[in-house]
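In structure tokens, the next block holds one chain alone, the form predicted alone.
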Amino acid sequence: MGQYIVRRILWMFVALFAISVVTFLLMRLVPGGPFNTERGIPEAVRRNLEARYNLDAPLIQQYFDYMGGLVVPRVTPTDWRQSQSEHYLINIETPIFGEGTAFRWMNFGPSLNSPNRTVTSIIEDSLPISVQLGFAAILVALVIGIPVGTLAALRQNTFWDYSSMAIAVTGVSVPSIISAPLLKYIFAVNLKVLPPNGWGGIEYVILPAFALGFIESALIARLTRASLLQVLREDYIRTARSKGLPERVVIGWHALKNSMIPVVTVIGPLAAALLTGTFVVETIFGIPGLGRSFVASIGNRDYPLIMGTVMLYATFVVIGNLLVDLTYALLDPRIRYD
């Protein structure tokens, strides 16, 4: 398994490199620029701004300058002060390189549309909020989706099956742009039991987490039902029952465990999407997460912020897919990575 993990990590770097090149080129192909405004600015001012942020250099130089700051780590004194041009996401004091030194890595560069902020500071402020909301949404999706899918499979072609799948189809069919305002209107405006906007205690998490998680729970429920129905027809399930094992052991340990492989497959990219922010829900509930910053950066042509959020999302996706593949071996002992 060790060799498999090493190979996957190497391919992860190849994938991230390809994503960075494609994203960088697509940003520059889109008409407009970070300093274009409706009223316009003098040509001399625009040239000065481009020179300040190295936007007047050849594209290949801009790319390697940016990726160098992002990928290449740096060792500095612990009292070194970060600036707009150098603000690192990872800062670890370590005596390995000498007393009073710190290891710094991942400089996302300055924000072109927020002169007093860096992309790293925006990520530091907004990513933890998106991660908290994402974990809550994933928890809602699993807590609802797996039991509902299991119940539907065990009670196939009964009232429970039809009603469970009806709820699942409703969840898949109703996007968060509809469910989120509806939940907000019912529980925040009419009943006044939950806050309508903002971020703070757990009461602020419930509505947006349910708006996100219910949609994904519908997908998980359908996958769980379909996979469990297939597993229940396998020979080893009949063998386990013929040995006299309790039905809860047959279902909970033998059947449900192996039926989780399709569910785990979708959880990887699903978790990456939820943990890095969702623009619609964050906007509706006034949550200062990373999703809102990402969408705003596209409209403002904020190149470093676009690159930073895309690379962060891509890193979550490739790591999530690796963890999903490793989980396969835990769920099904027949899977080997030799």
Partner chain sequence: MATTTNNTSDRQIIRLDERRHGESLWRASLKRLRRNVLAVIGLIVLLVFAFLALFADYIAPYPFDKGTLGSANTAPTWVTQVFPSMIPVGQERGYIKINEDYPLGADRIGRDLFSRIVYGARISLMVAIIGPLVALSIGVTLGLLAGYFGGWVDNVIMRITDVVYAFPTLLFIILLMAFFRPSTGGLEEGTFAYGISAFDRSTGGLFFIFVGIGVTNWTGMARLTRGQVLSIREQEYVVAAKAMGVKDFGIMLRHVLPNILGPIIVAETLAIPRYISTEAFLSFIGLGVNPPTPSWGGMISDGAQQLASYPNQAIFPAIALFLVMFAFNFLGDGLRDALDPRMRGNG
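Note that the structure is a prediction, hence the values are computed from the model and not measured. Rigid core: the largest C-alpha set superposing within 1.5 Å between the two forms. Residue numbers count along the first chain shown, from 1.
This next part talks about the form predicted in complex with its partner chain, which is not shown.
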Next on the checklist: If contact means a heavy atom within 4.5 Å, which one of 135-143, 185-193, 98-106, 258-266 is the stretch that engages its partner chain in the model of the complex?
Outcome noted: 185-193
Checklist entry - 55, 295, 70, 270: which sits within 4.5 Å of its partner chain in the model of the complex by any heavy atom? => result 295
Item to check | Interface residue in the model of the complex among 151, 231, 172, 250, criterion: non-hydrogen atom within 4.5 angstroms of its partner chain | outcome: 172
Item to check | in the model of the complex, residue 313 touching its partner chain (heavy atom, 4.5 Å) | outcome: yes
Checklist entry - Can any non-hydrogen atom of residue 327 be found within 4.5 angstroms of its partner chain in the model of the complex? => result no
Item to check | Any non-hydrogen atom of residue 46 within 4.5 angstroms of its partner chain in the model of the complex | outcome: no
Next on the checklist: Within 4.5 Å, heavy atoms only: does residue 13 come near its partner chain in the model of the complex?
Outcome noted: no
Next on the checklist: Please tell me whether the candidate spot formed by 19, 178 and 321 is one where all three residues come within 4.5 Å of its partner chain in the model of the complex (heavy atoms).
Outcome noted: yes
Next on the checklist: Suppose contact means any heavy atom within 4.5 Å; which members of 278-308 contact its partner chain in the model of the complex?
Outcome noted: 279, 280, 283, 284, 294, 295, 298, 301, 306
Next on the checklist: Relative to the superposed rigid core, does residue 157 relocate between the shown form and the other one - that is, does its Cα move 2 Å or more?
Outcome noted: yes
Next on the checklist: Rigid core superposed, CA of residue 133 - does it shift 2 Å or more between the shown form and the other one?
Outcome noted: no
Next on the checklist: Using the rigid core as the reference frame, would you say residue 230 shifts its C-alpha by 2 Å or more between the shown form and the other one?
Outcome noted: yes
